[in-house]
Ligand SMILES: N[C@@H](CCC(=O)N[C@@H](CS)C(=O)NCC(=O)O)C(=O)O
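Below you will find one chain, with nothing else, as structure tokens; this is the form predicted on its own, and questions on how it binds or moves follow later.
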Amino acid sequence: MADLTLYDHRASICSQMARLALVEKGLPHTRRSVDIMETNEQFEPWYVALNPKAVVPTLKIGADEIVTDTKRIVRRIDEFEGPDLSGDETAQDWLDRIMSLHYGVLLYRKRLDPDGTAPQVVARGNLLRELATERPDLKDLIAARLDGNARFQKILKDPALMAPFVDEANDLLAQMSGALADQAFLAGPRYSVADCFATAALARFTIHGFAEEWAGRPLEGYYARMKARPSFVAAEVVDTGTEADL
């Protein structure tokens, strides 16, 4: 089998999804940590050459195959020999819906200054502006990030703009709980890529203070079962901490 290298960050939700897939599939792999917090290593030329969007994770297979985008990564992982993680016909929809949530809004909505400012988000924008002067070769990429940062700050300052994102998260939790009312896993009778995504998402929801939303519902027992799987520890799933850890 070709050597597998996952370029990731420990607390990145997408990295956790990919790590769960690798562990559940039973695939030997090497991890290469990319510091996306302190040193902004994702913008280094060597990493941008691997992943032009400068995000984690990235999966390298053998000497030449590079896979980016978390949904593509877990699907590619499932093509290797090992337990079938494909799930039923609902699996792709779960992946799409879990990935579509605005986790930044969910994280910062209760961590704002009185004027609606998130100092960490403002600091991130300032850092990007500094980086833009240092890395003119990444002009378009950094400009897109700055635009996203400005839109994010605008959303955080307006409760009415935040509300739909919170509602979407609660709706998804309700849908997941409903699907789990009469089955052990999210997309069929066996563990699948949908459970990789759901486990990492629920871990992040726990940090964001949503655990009360599933207390006493099927989702509570489901998350307990996912945490009890050896893969939860082996994949270093993170469900405690603060924004500094994320």
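Predicted model only: the values in this text are computed from it and were never measured. When you see a residue number, it is the position in the sequence shown, counting from 1.
Omitted here: the form predicted together with this ligand. The next part is about that form.
Although the partner is absent here, V122 lies well away from this ligand in the model of the complex, with no heavy atom inside 4.5 Å. At the 4.5 Å threshold, heavy atoms of Q42 reach this ligand in the model of the complex. For the chain shown alone, V56 is a contact residue for this ligand in the model of the complex, at least one non-hydrogen atom being within 4.5 angstroms. Using a 4.5 angstroms threshold between heavy atoms, S192 stays clear of this ligand in the model of the complex. Contact annotation for the candidate site: R31, V74 and T199 all lie away from this ligand in the model of the complex (no heavy atom within 4.5 Å).
Residues of just one listed stretch (47 to 55, 176 to 184, 22 to 30, 217 to 225) have heavy atoms within 4.5 Å of this ligand in the model of the complex: 47 to 55.
Contact residues in stretch 69 to 86 (any heavy atom within 4.5 Å of this ligand, taken in the model of the complex) are D69, T70.
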